[in-house]
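First, one chain by itself: the form predicted alone, in structure tokens.
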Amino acid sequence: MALEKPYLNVPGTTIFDADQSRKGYWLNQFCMSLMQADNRTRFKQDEDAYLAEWPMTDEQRAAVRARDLNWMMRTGGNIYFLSKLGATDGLSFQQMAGSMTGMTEQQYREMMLSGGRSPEGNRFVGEDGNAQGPMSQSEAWKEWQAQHQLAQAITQADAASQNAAAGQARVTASVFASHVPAIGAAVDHGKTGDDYWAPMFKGFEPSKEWMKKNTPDVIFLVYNDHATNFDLSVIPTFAIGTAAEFEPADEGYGPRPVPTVKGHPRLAAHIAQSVIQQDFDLTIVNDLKVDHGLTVPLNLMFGSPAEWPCLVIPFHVNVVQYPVPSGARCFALGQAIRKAIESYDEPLNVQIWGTGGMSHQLQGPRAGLINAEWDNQFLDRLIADPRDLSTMPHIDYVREAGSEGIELVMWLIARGAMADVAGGKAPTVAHRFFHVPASNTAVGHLILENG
């Protein structure tokens, strides 16, 4: 079932949605670069050389060379970003807007002096207004289309065939695991068999066996950035990674020697649009580096493969700077994410992972706090009564689980995405494990299979 996009039926209009943002990321970044005088100079001196520095598609570069704004927007450009290119060429906003209408510059100015274009006949495709009909195209765009017509037809046919395949995406399981940075260091330096670490890693052996039999197509992985990708200039409450790849971040020790994380841009953009339409405010991130919060759980479940065996959609939650989202908000967000995934027209097996926690405090005289009894009660409640658990106030997490124990609200996102929350069967507990300590932290782990 496709997402509702009523704006597709508005004539002569390209709405910049999550799909467009993903598609046009590097085109728009190129345009942003032209805000610097040195870059404008280099671009004017040798356009081809400058464009080659940006990982745009060949079509996007062709559209830029043609200065065809309609074409650029079709390939993901946004008018506010594209205006930087227009400004580099010495064009006003009115000149840029007029160039997309099929009018001469004088005709467009006269229309604006007469009060602008009327919405009459231009609200829906198929009416008789003066914005109806085919989009104005440059000769370069027409030539490009003629040359690539066969390839476009094949792509459209393949997409239609895939959409005709039976089934929607589904959430099959949720996985919960702590993401202690020292665990990553133990993996990276070959210390997993040391006396200190062996009991903790042994607890994940059943999980690795389970994962071999239940490897998903996509993991929607909820984690928090640890002041690596997001600094104090911008800290989004919820952020979804929509890129095709995510490189390991340098957290001060150099990037971890783990594989690049491969994303699922189409599903990520679909989830973003669906969840925002359900009134959750997400930040869409097209360029994201991922830290131990995301890569350590992957190690715990998959070991150290040459490549991660499935695609991953990173989902960041701010649990660093207060105010942080409530448990109830996270639990409701999980339900919105499940609804988004189940509306995606491809029979994908998707798992939702909640990471972070359990009890730990990393700062102040109370550093080192561990509350094993409370942690295990949290796991009990997460399994049996997550809705009630979601009402726990922040101060309870801080008092009982430590200042960094607030990360556990992220587990409620994964739990909220399970079928029983929406009236389905109760989940099956495939594995449960708890261990103290891993460096400064209690490690909790749980696998729930949808009933």
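Nothing here was measured: the structure is a model prediction, and the numbers come from that model. So that there is no doubt, residue numbering starts at 1 and follows the sequence shown.
Note that the form predicted in complex with 3,4-dihydroxybenzoic acid (DHB) isn't included here; everything after this is about it.
Shown alone, this chain has one stretch from 371 to 379, 282 to 290, 179 to 187, 76 to 84 that lies within 4.5 Å of 3,4-dihydroxybenzoic acid (DHB) in the model of the complex by heavy atoms: 179 to 187.
By the 4.5 Å heavy atom rule, the three marked residues 226, 362 and 441 all count as contacting 3,4-dihydroxybenzoic acid (DHB) in the model of the complex. Applying a 4.5 Å heavy atom cutoff to 3,4-dihydroxybenzoic acid (DHB) in the model of the complex picks out 407 as the lone residue from 390 to 408.
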